[in-house]
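Here we start with a single chain on its own, the form predicted on its own, put down as structure tokens.
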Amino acid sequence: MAKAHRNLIRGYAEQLRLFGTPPARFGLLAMILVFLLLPTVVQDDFWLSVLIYVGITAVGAIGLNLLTGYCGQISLGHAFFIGAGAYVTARVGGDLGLPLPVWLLAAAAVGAALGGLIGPFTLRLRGHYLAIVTLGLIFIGEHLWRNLTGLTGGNSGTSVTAGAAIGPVDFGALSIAGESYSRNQGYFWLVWGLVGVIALLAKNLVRTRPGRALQAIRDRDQAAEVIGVRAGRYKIGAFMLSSAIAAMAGALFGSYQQFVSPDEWNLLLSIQYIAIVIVGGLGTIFGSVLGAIFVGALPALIDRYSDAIPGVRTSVGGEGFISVFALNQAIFGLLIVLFLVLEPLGLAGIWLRVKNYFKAWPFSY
């Protein structure tokens, strides 16, 4: 009897396995090795900081993709929840001196609570109307961050002195087997470890009954209600979960940067996250990470190499027809347009086609 093909799926349990094939298990092993070894190979602080910011961005992008990609709820207010998480960390982790698990969960709880306040609007609004309402969060947040000086430090910003230790393991001054590692190396392992955990939890969530309910609401919410899905409850839940994950991203951002100000939680940040989930691939967890790597690193790289880019003005009154800030905005807008028109499935769609080609090889279908 001929041996069954490696791609043959015999049951529902095999269909749901995350790493069910040898190439998938090899890919998982490769990712773990890269995670463990990369900071020991790439020790330059600039590149490590870029990778850390990319990881933090990936956390926030996973949250937005759960809301927009899986539930179909458009949000332009993601920066508001990220900022809230950063300020919670400044107070809980900095002023109160509580450890990392506490300030990270506190940020998630505050983010979920704020998302719960906004969530009911999703029951009455959809599409462009919901996008406009969430856009208002940016301006409300900017007013709050600038005027709640006791909490946020006002226009001057506030320092974030939250520690990054879990028990005896201090990621800010990591030491393993007598070998000391820099703060950037420790934060790389912390941030990308959390990316792996959150991505795994999110991937499992979307494969469960609530995850399938979210996708049914995205595809046709009225039809979903007809078959028994309580759309209102799931919409609010998706908003709370997305906001909680965004606040965790803000908490990590504040802890790593050690200083935050209201200027950072602006519309450009929200547009950047929209660009990430579109470029990476709406409705895919893997696409959120791909988009964060591709788009999230752009601002730092453009800022670093702006002197070598023709036409870019690097200082006030300098030569060039476009500033670094405006160039970032233009690139985000261009990427959104190009991917929506030419590749709606994003980078994840390209990866899926490549994978399917090799799965079907040597056949062309």
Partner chain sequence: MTTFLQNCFAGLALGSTYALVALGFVVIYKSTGVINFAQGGLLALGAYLGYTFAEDLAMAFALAVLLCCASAALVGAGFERLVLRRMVGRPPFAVIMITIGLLFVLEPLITAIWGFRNKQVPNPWNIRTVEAGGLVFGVRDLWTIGLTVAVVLAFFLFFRYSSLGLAMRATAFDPEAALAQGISARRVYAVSWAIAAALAALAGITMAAGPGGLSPSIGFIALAAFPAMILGGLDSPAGAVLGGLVIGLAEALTRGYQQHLAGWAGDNVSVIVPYLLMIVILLIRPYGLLGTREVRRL
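All figures in this text were calculated on a predicted structure; none of them were measured in a lab. Positions refer to the first chain, counted from 1.
Another form, the form predicted in complex with the partner chain, is not on view; read the next lines as being about it.
Residues of just one listed stretch (290-298, 271-279, 167-175, 187-195) have heavy atoms within 4.5 Å of the partner chain in the model of the complex: 271-279. The partner chain in the model of the complex is approached by A330, whose closest heavy atom lies within 4.5 angstroms of it. Looking at L241, you'd find every heavy atom of it more than 4.5 angstroms from the partner chain in the model of the complex. In the model of the complex, none of the heavy atoms of V354 sits within 4.5 Å of a heavy atom of the partner chain.
In the model of the complex, none of the heavy atoms of E264 sits within 4.5 Å of a heavy atom of the partner chain. Although the partner is absent from the chain shown here, A131, L135 and V341 each have a heavy atom within 4.5 Å of the partner chain in the model of the complex. Though the partner chain is absent from this view, in the model of the complex it lies within 4.5 Å of a heavy atom of just one residue from Q43, S49, S323, S306, which is S323.
Out of the listed residues S180, Q222, T208, S156, Q222 is the one that sits within 4.5 Å of the partner chain in the model of the complex by at least one heavy atom. The partner is not shown here, but in the model of the complex the stretch 49-79 reaches within 4.5 angstroms of the partner chain through a heavy atom at T68, I74, L76.
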